[in-house]
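Next up: the same protein chain in two forms, each one alone, written as structure tokens (structure 1, then structure 2).
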Structure 1
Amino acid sequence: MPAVSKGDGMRGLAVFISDIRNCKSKEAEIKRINKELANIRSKFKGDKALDGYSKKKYVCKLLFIFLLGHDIDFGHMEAVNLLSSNKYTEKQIGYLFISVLVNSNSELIRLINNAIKNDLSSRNPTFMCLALHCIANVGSREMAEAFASEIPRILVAGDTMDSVKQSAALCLLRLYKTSPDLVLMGEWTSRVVHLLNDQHMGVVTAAISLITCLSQKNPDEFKTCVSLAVSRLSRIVSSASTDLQDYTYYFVPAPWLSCKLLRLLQCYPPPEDGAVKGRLVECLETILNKAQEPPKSKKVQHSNAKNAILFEAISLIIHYDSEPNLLVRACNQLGQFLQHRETNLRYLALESMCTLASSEFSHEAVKTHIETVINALKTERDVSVRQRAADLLYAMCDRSNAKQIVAEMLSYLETADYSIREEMVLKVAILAEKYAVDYSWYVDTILNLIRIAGDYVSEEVWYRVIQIVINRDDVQGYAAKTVFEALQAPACHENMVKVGGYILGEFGNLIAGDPRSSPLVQFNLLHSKFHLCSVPTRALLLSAYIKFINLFPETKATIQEVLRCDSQIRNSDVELQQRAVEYLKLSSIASTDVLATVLEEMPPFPERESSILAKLKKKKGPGAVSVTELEDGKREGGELNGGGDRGPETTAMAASNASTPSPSADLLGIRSAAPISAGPASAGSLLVDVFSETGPAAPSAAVNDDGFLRDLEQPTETSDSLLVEGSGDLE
């Protein structure tokens, strides 16, 4: 190739690339590449030394061929030679080739490291930058071993150029991320912090990424950065939009830097020093103020940059959770975004508000937006936004608005997206339970839930409603009546049949006085659903029937007939057959006394963590930390007393806690009244504990983990008749 122009043009390369692009077929391309490779090989082989320009050109061609997807197994040596060139372009190509092609276990690594070392110790800033970029791009362990001690020195040295410092900070960050054990903390760490004060904004931006990463691992070493960051932030925030020249982005001064600073501050608790804190609050206030100002530009970049800072500031405010004023202001600001026409903004606002709702200071403020959020839940086009709206509704719910929110969620459930239905159901169930003042409302809500979204009602939900009905005497009658009415619908969900079967079996007597719901009517109603149900439900219904025999002797004949028919007593399912046989025998042999003992009303359940809540947590997974934390927080709040009347009178609350107990406390009371005076037995090992402490004769053995009425082990052995219903579960 004649040296037509010795400049940086590299005509040969351009010709080669255009040849390749003009190739008609894959085969032609491969032929052209083979030819070029042979040419380069012969050039590299040649005895006469190549000048830097041609070396650069051929290395470039090799790089191009490699990027086309062909293997390159030579030319590494030439690339390494280029590193020692004095020309920028040659060095650059050399480094480029090495960053792209040299794998970490190459034997050339020592030569490369030497060249890098030379460049690092040179006084030429561009060469140093090239070397640093190469280290960062390769980022291998060998590189880290060789340079992890060198780079911090360059970073903090007084005479290093700004651009080099920038590169060094990012390079160190990369090495720290790949092999943190090799980057040792030392006296340089304190000086790195002072880079926050650097004149050059680029250096600060680079350094802050490094500091944020480092301080997450060693927060104590970098504590001093807080005050520096605050002062830096206040300088940026208070500067006019033209002050920072290069670092002003669409009239917003240094948005990236501001975001990073705010994020760094989120690694630490609020500053203790009053002056620093005051300054920071001032900054945050300024940011919130600026959000109110009319936009300086209609460009989307301007608003994006501004909002990025704002959201970062709000998450810092939430993180501190100590400035009621700021929290309320943040909340109001977010409230404005709730109706913004940008979907992304609406999403972010809902998400941030979720966390705000958990703060005691801003909870009330969040609540004011309930109408907007409900509206969002109904009208939002994007399902992910709707999901956030549902989360927020859940988070902002307390005793004062529970009824409204639950009603809204229920009505939304009918049209909700399939992907979020189950979660919605769980949330409604939890809210209904947590904020239930009136348990008939609770029963109504859950039955409604089952009616609307029966398929998505998990076992836990209906277990829970039964637990609560059994534990609360005052709702039992109402529950029986409601269930009876609900079952009259021509098509009702199987879960409804389960609940109905259980409750009527237990408390059917409470409504038997009414001729419209006489025992026989109840039985016929239940039995009309029997054949449409799955095996577990049928088993449950059979148990309900035997309970009917106990409750209403007048139904005995009818029920025995049902049990006796072939479809029961010879059912192909073992469980059903066994139940039918045993119940039939039990009803015909045992005396009424025995029956009454065996089929006694279920004893109350011990209180424990709501299984629904556990399920919701599991569903959300460990990823959604904020939500689970939130729930924990709420639950604690609920135990004290519904978070609604929080505020200055915290002392009064303790008193009210005793007098008007919250629902969970209430249930607690029931538990202590129950025969199991085992104390606060832990939920996990509850069954075992109860059993060992109270002995086999205790009716509390009926407590079973899933609230499912199971079969009787040996129904005719009267001596053991006290070992009642739940015994099957103790296996």
Structure 2
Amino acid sequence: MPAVSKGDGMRGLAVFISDIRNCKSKEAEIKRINKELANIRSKFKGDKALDGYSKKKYVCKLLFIFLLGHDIDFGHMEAVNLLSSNKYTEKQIGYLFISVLVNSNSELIRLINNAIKNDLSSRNPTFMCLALHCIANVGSREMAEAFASEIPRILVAGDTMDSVKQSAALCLLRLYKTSPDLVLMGEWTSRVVHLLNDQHMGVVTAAISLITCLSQKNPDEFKTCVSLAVSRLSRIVSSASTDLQDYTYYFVPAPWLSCKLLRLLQCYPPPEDGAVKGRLVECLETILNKAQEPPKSKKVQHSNAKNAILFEAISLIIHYDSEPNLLVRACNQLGQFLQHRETNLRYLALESMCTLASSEFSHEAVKTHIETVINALKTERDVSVRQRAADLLYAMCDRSNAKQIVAEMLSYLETADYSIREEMVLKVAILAEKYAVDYSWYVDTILNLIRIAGDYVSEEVWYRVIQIVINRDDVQGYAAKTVFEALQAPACHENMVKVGGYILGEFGNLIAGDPRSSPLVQFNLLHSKFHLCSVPTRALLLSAYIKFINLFPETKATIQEVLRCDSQIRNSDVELQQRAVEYLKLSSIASTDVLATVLEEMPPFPERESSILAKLKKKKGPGAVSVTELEDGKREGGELNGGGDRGPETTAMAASNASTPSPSADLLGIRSAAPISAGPASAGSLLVDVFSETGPAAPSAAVNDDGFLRDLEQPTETSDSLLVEGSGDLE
């Protein structure tokens, strides 16, 4: 680029800038600017033609005024006229003004395009670079239409200078991002790819940015770049810092180019050619080896450049997921960063290890760092690092360490930041269900979860524990006993009252033999919470009371007295009033046999989709819950959801709905491959309904339209009818 001579300095511009800086108030600044604008306007409209220097000076002043935040509505034509100048400084100011002030829809675009065409065809490298920079800065569709076919020719031409090639590659990248339909490489594809072999490292660095973007949209067209990228990466990695002196940054050869090459390779699967793949593995091993070497400089720039390459290499290793040795080595290297004094490195290490934990080759290696991760969860000052530590614990959890990890996450929940509590609750609920073999442990965990973070326990979580308890005969008594004890706490969360009301209403008889949990004690305990609860919870408790009359006839008089009081049958809420009136009438006129039929125990829930996992995925965004994790859940899940045999109505309904697509499965990116069997469901996976790829079965036909099931699914819906035909229950 030509040097600016001493005479090119614009004294008038310097004086104007000095005057602006010396203004004591905003009003003084505006007054000085208005005076200057009037002067410039008069010069542009004057009869005397201005020379190039004067135009350049006044255009510069306008540009400075615009950058101060003032609108400029003239001078654009004078800037366009500067483009035709043969002096570099005048042409430069013209292009600068246009890049900053000219709108992409301006009427002057055609004039500007003509000037750009002249500069591109001039073969003057300095003028060509200025023109290319202007195209990239404006990036309008009209410019893309005018130059999208011209710029690739300049890029691959043999006589184009290296500096122009760099500008052309980046200019083409800009046009492709704004108007991809207009940038068609076609015949230029192979020649653009071969720029990776260019002798000039700057050209390679610019070209690889373009190729990476093109490869993401059209991978098949640019797949030949893989071998060239591996070859170039090998030369950089194996070179000494003195070999690439102009592109060595604090003893690290070409760090930016290395990172871009590794990122480009992540657009493709592992190379099929054995020689290319072997060479790439050698490069990755060399990068991992260099990470173990003592630093050649204590400067932070050296470690940053070195670690940038290392993390991109690890990302590529994770992307390939086919080299067990490299995956384990990457995991061990990241493990060293977990205790690094630099917060950013700890964060990046935790984030990368989350991905490594999903690989069958490196999962065990990740698990060896469990104590370090737990310590990070407890002691880290930065909340984002603690959140990544929680994510990693979730990712590394399996049957062997589930109880330890869930216990640590529950412990952390008591002091966790409010911003991540809901997500933590979902993770604990999923892990407890996914890896539960001891059902009493599962019940304890969920009730603990409600006790510790009840405000963050969504409906999906407590719905799910009720479904599982109903479907498992062997845990019902323990659940009733545990929830009864939990309700005795002075401060009891409303979600605990919901779970307690439902479970005691169904299975309170299993603990009624103990005088400490006699029917009347159970009722009094639940009713002591009644006045503290919201309307939906009170509605659920009223349903529990009518269930008590069926389970414990001795409580009938006490419960009828409660239902008969004015606060119930004259309640301002229509739902509570209707329930109180209907339940009171039912308990008064129905015989024991009718009550037993209407209020019998809930049948097992059909296999259905749980929304806990889908909610976590929605909260975390796409990719948070992998399909592999879902398959693992189906394979490793216990039998928590599959209780006894379903009734005939349930089986028939399940069969009729077997081929219905699962909404939650669609959310998780899964499509049903085959319908499930219409036969009775056996004791299947612990997460059979969370991870099922088939649609959820419809609710049992034996379930009534007004009772516990509605309380479970839609607590606020108004009941339509009370009695059910045949054997059934209140929701």
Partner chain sequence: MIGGLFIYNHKGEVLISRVYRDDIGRNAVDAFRVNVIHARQQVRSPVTNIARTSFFHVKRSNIWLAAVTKQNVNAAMVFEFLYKMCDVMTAYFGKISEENIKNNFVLIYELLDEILDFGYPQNSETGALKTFITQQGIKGQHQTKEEQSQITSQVTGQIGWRREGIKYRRNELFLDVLESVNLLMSPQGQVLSAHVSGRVVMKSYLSGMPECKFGMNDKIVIDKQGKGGASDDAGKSSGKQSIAIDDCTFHQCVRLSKFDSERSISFIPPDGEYELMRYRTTKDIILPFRVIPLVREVGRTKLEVKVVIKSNFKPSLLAQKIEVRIPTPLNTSGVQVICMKGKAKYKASENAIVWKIKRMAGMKESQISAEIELLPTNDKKKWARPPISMNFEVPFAPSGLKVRYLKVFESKLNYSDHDVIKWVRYIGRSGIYETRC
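The shown structure was predicted, so the numbers you read here are calculated from the model rather than taken from an experiment. Please note that residue numbering is based on structure 1, beginning with 1 at the start of its sequence. For the two forms, the rigid core is made up of the largest set of C-alpha atoms that agree within 1.5 Å on superposition.
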Two forms of the same chain here; which is the form predicted in complex with the partner chain? 1
So, superposing on the core, is the move of residue 91 at the CA at least 2 angstroms between structure 1 and structure 2? yes
Determine, after fitting the two forms on their core, whether residue 124 shows a C-alpha shift of 2 Å or more between structure 1 and structure 2. yes
Angle of the smaller rigid part's turn relative to the larger between structure 1 and structure 2, in °? 7
Backbone CA shift between structure 1 and structure 2, residue 33, after core fitting (angstrom): 4.4
Fit the two forms on their core, then tell me the C-alpha shift of residue 56 between structure 1 and structure 2 in angstrom. 3.4
